[in-house]
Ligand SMILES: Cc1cc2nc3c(=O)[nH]c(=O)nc-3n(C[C@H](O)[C@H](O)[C@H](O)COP(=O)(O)OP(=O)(O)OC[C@H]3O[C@@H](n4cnc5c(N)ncnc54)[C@H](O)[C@@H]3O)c2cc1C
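Quick heads-up: it's one chain on its own, the form predicted alone, in structure tokens.
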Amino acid sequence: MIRTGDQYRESIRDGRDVWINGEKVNDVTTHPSFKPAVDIRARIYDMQHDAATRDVMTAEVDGDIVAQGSKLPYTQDDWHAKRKAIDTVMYDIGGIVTRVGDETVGEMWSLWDGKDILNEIDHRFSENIERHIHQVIKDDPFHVSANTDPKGDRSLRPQDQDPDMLTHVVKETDAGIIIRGAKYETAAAYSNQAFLKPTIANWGDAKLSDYALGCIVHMNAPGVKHICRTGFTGRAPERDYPLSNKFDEVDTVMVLDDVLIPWEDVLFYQHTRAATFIRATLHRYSAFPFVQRTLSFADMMIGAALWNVKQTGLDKQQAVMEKLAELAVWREGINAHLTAAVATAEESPNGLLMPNQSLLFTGRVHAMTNLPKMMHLARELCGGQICVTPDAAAFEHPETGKWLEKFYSINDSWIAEDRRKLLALARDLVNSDYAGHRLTFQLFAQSPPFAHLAAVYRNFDWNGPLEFAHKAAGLSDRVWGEKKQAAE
């Protein structure tokens, strides 16, 4: 059944091995580096019970109330409901979070679509993935994704260097498999479990079979150690950096030191074809909530930029309106791809409804390739004051505050404190070290650009343009047959 925030907090007080800044963390729910993200995830759980939001955040499945994000999608209405739930969360918390569970559970749906492939090696694997999908729906865990390995020297196979550079199986036992390696994983330290998947590699090489592994890892399992990057929370006062202090999702090197994975948690093993399949289809569903996060980010940037030019009376200048229009075109392009991907959704091999793959992945490319340019456009609209404005303490001190009150007050509507708050938001959104981290993080969270384009290449319908050009040129049917076969 759906959890409360307190039940989630209690579930991660389980003796897990977490480290940050050279310190062992006794309780991730209260440690200052993790508490803001834990509190946001707890709030999302509580929204499932809050009378004002529960109808948006939950759905009924076979008489049970379940989390909207975990509900399997069979109709367009399911996707509309998921989209509304995400928008509701972002507005409620007043910011953007990427890894909270709904965006990664879809990766297991992708593997479930390949159950025929899993059955080639062992029917228990497809049974395991189906059971785990329904277990997530039933138990409502905070479920994340373990994806990228350290990799080491990528010109060498893992067997030709330290083999732990890619996570692999070192031994089979009656109880399960023993795995070694490491994974980079956002939110691992304060989640319940992860879908561990093989990294991007040449899975046509059968010698990599020990590395062709998909399984469920519990975050408190013996041998799992979380070594976290330094957080942004607490580096500077929240009044000056409102996003850094509230929405930092801590990333982890999750070390797997001879971790036992019970057979019931093994989703595939020694199956390079399954590894190839999951790498090719990994974001079949999860790209949708990821791209929707970028839409929320676009709205926040537009809002911050537009309020800035309204404050300073520049919003009616032609050059300013053109820049705002560029942001709007980017935003509406993302919105259009998401909307169209649902409107033309396709049935998956396993009977789920997946967003139109070509439109979803081209939308992701549109969103992500333009993100750096749009962030800089927002900087231009906000102006240079986002990098030179003093901190909140200076506004409050009697000696310096009177001068800042004078120079930052614009009129009776826009007093200095409101001007300072807006500049602080804009600075943290597009110009702080946290903003730079968020931009770079997209290369990890949504895969690198080459993977985005590869997904488009695999899912675009090339036959339509080929047939059109074939007819226009008057080519023979023999040529068309060869070209069609090559495209397919």
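Position 1 is the first residue in the sequence shown; the rest follow in order. The structure presented is a predicted model; accordingly, all values stated were derived computationally and were not measured.
Missing here is the form predicted together with the ligand; even so, the following discussion is about that form.
Heavy atoms of every residue among 151, 251 and 440 are located within 4.5 Å of the ligand in the predicted complex. Only one of 184, 263, 414, 403 comes within 4.5 Å of the ligand in the predicted complex through a heavy atom, and that residue is 184. Just one of 334, 259, 146, 215 comes within 4.5 Å of the ligand in the predicted complex, counting any heavy atom, and that one is 146. Contact annotation: residue 462 falls outside 4.5 Å of the ligand in the predicted complex, judged by heavy atom distances. When the ligand is considered in the predicted complex, residue 99 lines it closely, a heavy atom lying within 4.5 Å. Residue contact with the ligand in the predicted complex: residue 457 places no heavy atom within 4.5 Å of it. Proximity of residue 445 to the ligand in the predicted complex: non-hydrogen atoms within 4.5 Å are present. With the partner left out here, the ligand still marks one of 32-40, 50-58, 448-456, 66-74 in the predicted complex; by a 4.5 Å heavy atom cut-off that stretch is 448-456.
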